[in-house]
Ligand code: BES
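Presented as structure tokens, the chain that follows is alone, the form predicted alone.
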């Protein structure tokens, strides 16, 4: 989708539809809509009254112009109560409007944002409608023999400002962020027979070459030489060999250095503790954290912030075979800590353990990991909210604050010493699962903490719930969501200022 910021006369705008956002409190048509209504001979007022249109969020009034305007339709999109309108409201209604436009086969639309909200700047509104439109326009139809033809190709954002420089910059950044999230969605949606460990490493290399990043890809022999016994054990059950990926973005004068780690299970069968069919379905999404790392780096490559960024992925498959690791096995991680296996389906934390050790050795200013780690997090927070844990409350608060602004819902889960007792093992330093089923998301986070240098601020984001949805919600169509790409990129942009 091409997004442009313009200042045009609405009555002569050559688009398929002009979109006006209307709040619930607007009982009378505001001036710019009223002018169009007069040209249409009162059609908007007539339709509004006869169809009893109330501007609740997501409600539409579609009015054909009958050739009286250059635009074919006028669309009123409801915002709901004005006091509740925020940036995410505009993301949502923009996505809804794009879908409505696709239904009506409208390929070029104009969204008029000449409206005022006390807590929202023109930059806020313009960037939000851009993100919502691009994210809402997404579909994964690569393997359909009959593809969806209707798509909104051009979005014009109409704003009557003399100096639109800052608005255009906000739209540019929003476009990059949304396209990076859609890139992430594409990767997650690809099945494991298309993207395996070796193919994922090739995609990472292509990305690095495109943006001039440094990249190192380690094979199974090198992984063993680095002492990554936990990660290697998980990978041994698959015919597809592991690949450890380290991408580095290095600006000339970095204001900080950050490691972004993503869980990279290209597929998770559960291993010898094999999943049942219902729980094995959709396990291509177990690479969501790794795909988010590449999406974040794609945005970083285009935005070029003044921070050094390491993207780290321990790519593997968890499969049952004669080479697979077993319950009761004892493994040694990169930092020398030993792990007793209680369940082979708790494999992601084993791959992350060695990845976090590696990230810690880089001595960055902070480490953030993202992982579809536990079903327990979905039980605790539902399908739409990520769980946040870590060793530094200030960093946790910063991530949570940014997520509120990006609309990527997150909630903190608390560490405590009583739950820490559940991962103590009789014959090794740690169990890879808790001794009870309670607090499973937190015990997984506590396990990971043992592999992070305590001097380094670290946050773990469990995205098991919101990484994928079978029917979709808001500006997320069904399938992969690409969460938390926009939150982490915004964090890095903030640290570069």
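Source: prediction; values computed, not measured. Numbering follows the first chain given and starts at 1.
Below: the form predicted in complex with the ligand, not depicted.
Comment: the ligand is not present in this chain, but in the predicted complex one of 189, 77, 374, 89 has a heavy atom within 4.5 Å of it, namely 374. With the partner omitted here, the residue from 283, 400, 303, 425 that has a non-hydrogen atom within 4.5 angstroms of the ligand in the predicted complex is 283. In the predicted complex, residue 185 stays away from the ligand, with no heavy atom inside 4.5 Å. When contacts are judged by a 4.5 Å heavy atom cut-off, residue 268 counts as touching the ligand in the predicted complex.
In the predicted complex, the ligand sits within 4.5 Å of a heavy atom belonging to residue 346. Taking the partner from the other structure, the ligand in the predicted complex has a heavy atom within 4.5 Å of a heavy atom of residue 275.
Not one of 15, 100 and 157 places a heavy atom within 4.5 Å of the ligand in the predicted complex. Annotated contact segment (heavy atom within 4.5 Å of the ligand in the predicted complex): 365-373, selected among 390-398, 243-251, 228-236, 365-373. Contacts between stretch 57-94 and the ligand, counted in the predicted complex as any heavy atom lying within 4.5 Å, involve no residue at all.
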